[in-house]
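First comes one chain, alone, set out as structure tokens in the form predicted on its own.
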């Protein structure tokens, strides 16, 4: 079975064999003009609703992690047990709305330079990403 070459290539470059389910994951993630944030469970629901096909949580998890490792997606850890993924891989920051469990982009120009005064021997800072957690103001 042949698939869209751009998705086949993206999967192969990520070390994955193109399958019907993985192609559908690619279509949902990369066939949109708008970037978006998602959890693994969110993505499973989107795929099943849009494509009307069953896809296992493990397939989505493994595919997303392969894309993240390759740099096609960005992981945004919210806490020790919750991560979101972003199809916008450019350098930017986020608001995390704790009331709605929603991640919102903040443009790089809307955050002043962050100064880190501590260093860790043998390590250098790769990037600084701000996540501002927000709640409804009562």
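The term rigid core refers to the maximal set of C-alpha atoms that superpose within 1.5 Å between the two forms. Predicted model, so just to flag it, every value in this text is computed and none were measured. Positions refer to the first chain, counted from 1.
Just so you know, the form predicted together with another copy of the chain exists too; it's not on screen, but the next bit is about it.
With the partner omitted here, the residue from 89, 51, 57, 106 that has a non-hydrogen atom within 4.5 angstroms of another copy of the chain in the model of the complex is 106.
Only one segment in the set 95 to 103, 59 to 67, 28 to 36, 43 to 51 has residues whose heavy atoms sit within 4.5 Å of another copy of the chain in the model of the complex; it is 95 to 103. Taking the partner from elsewhere, residue 6 is found to have every heavy atom lying beyond 4.5 Å of another copy of the chain in the model of the complex.
Using a 4.5 angstroms threshold between heavy atoms, residue 124 counts as touching another copy of the chain in the model of the complex. The shortest heavy atom separation between residue 13 and another copy of the chain in the model of the complex exceeds 4.5 Å. Shown alone here, residue 73 lies farther than 4.5 Å from another copy of the chain in the model of the complex, counting heavy atoms only.
In the model of the complex, 104, 105, 106, 109, 110, 111, 112, 114, 115, 116, 117, 118, 120, 122, 123, 124, 125, 126, 127, 128, 129, 130, 131, 132, 133, 134, 135 are the residues of 103 to 135 with at least one heavy atom within 4.5 Å of another copy of the chain, listed from first to last. Remark: with the core as the superposition reference, the CA shift of residue 82 between the shown form and the other one reaches 2 Å or more.
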